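Heads up, the chain below is alone and in the form predicted on its own; it's given as C-alpha cells.
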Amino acid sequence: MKFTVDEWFVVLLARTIRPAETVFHGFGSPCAQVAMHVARRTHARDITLIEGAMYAVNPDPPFIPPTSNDASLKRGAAYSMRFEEFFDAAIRGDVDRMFLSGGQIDGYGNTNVTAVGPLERPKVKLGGGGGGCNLAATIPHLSLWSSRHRSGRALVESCDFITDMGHRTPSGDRAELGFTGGGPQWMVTELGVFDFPDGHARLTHHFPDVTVEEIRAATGFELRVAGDLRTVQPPSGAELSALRAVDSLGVRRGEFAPKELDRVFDHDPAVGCAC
C-alpha cells in the first residue's frame, strides 16, 4: 500500500492531539478538520471535537465537505454551541487545543491571515482572523500548520501583520501582555515537524525525502534543529484507513501545491500507531 504526503501530513497533525482534549479548528481549515476526525477515530477517541464554522460538538459526518459551513458537519452532533457559548468556554480555558495556520508564520509562532505587505498598500489582502486573535490568547495549546513551507514565503523572519499571537511579539511575550494561553506547541509543515521548547520553533523531525539544508533554505527565520533530529514516523494502517474514510473527497489536497502531491511513499505494514 502506498500513501501520499498530504495523508502523512494530516496524520502528523492528528498526532498533536492528546486524549481527552477539547479541540477546535477555524474556518476553511480542511487539513486540521480532517486531522481532528482522524484523531477521534484512532488514538484519541475521547476528545471533544468542535467543528469550526458550525460549532457542532462531536458530530459524525459521513464525509468532510469542501466547505466548513456545510450542514452535514452537524450530523450526529451531541450539541450545537452558540457562537458566544464557544468564546466564553475558550476564555475560561475549557478549550484545550486550537489549530492555526497563516499566509505567514514567524519563528515565535505568530501568524498572519490579514495582509501581506504594508497595511497602507498591501500586496495581498487575506481573509482575516475572525476571532482567532481572541482564542489564541487564552487557549492552552496551539497546533500550527503550513502546507506551503517550501515556497519560502510562508515561514518568515517576521510577519507583516500579527493576526494571532504566538509566544512573543515586538510588544512582549504572553506573560508580559497578560495572556493566559500557552501558545504554539507544535507546527507541522510539508517538510517537517517543529516544537517550541523555549518559545521559538525548533525542527524535531523531517520527511525522509527532504534534507535539513532544503528546510533551512525555505525557512525565513533562524532554523534551530534538535540534537536528536529524526525522520517523521510513518502513518499506520489504522490512521490511513480512518483518514481515507472521513476524507473520501480528498478536500485536504486543496491545501498543497500540485508538485507536493506527487510525493508518494510505501507503507510498512509493521508500523503501528506512533501517537
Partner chain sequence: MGLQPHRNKVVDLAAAIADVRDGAMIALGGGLSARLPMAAVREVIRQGRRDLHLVGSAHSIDVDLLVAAEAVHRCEESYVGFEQDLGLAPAYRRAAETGTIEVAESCCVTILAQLRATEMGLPFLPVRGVRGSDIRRLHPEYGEVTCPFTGEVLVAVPALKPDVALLHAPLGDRYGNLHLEQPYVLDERFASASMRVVATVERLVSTEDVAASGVTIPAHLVAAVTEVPFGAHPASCYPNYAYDREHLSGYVKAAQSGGEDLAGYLKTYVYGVADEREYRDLIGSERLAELGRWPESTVDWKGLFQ
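Residue numbers count along the first chain shown, from 1. These figures come from a predicted structure and were not determined experimentally.
From this point on, the text means the form predicted in complex with the partner chain, which you will not see here.
Only one segment in the set 112-120, 150-158, 195-203, 182-190 has residues whose heavy atoms sit within 4.5 Å of the partner chain in the predicted bound form; it is 112-120. At least one heavy atom of Ser68 is located within 4.5 Å of the partner chain in the predicted bound form. Put simply, Asp88 is close to the partner chain in the predicted bound form: some heavy atom of it is within 4.5 Å. Interface membership of Lys74, defined by any non-hydrogen atom within 4.5 Å of the partner chain in the predicted bound form, is confirmed. Although the partner is absent from this view, Ser146 stays clear of the partner chain in the predicted bound form, with no non-hydrogen atom inside 4.5 angstroms. For the candidate spot formed by Thr138, Ser171 and Glu176, every residue has a non-hydrogen atom within 4.5 angstroms of the partner chain in the predicted bound form. Taking a 4.5 Å heavy atom cutoff to the partner chain in the predicted bound form, the contact residue among Ala226, Ala238, Val212, Leu249 is Leu249. Within 4.5 angstroms of the partner chain in the predicted bound form, the stretch 122-147 places a non-hydrogen atom from each of Pro122, Lys123, Val124, Lys125, Leu126, Gly127, Gly128, Gly129, Gly130, Gly131, Gly132, Cys133, Asn134, Leu135, Ala137, Thr138, taken in sequence order.
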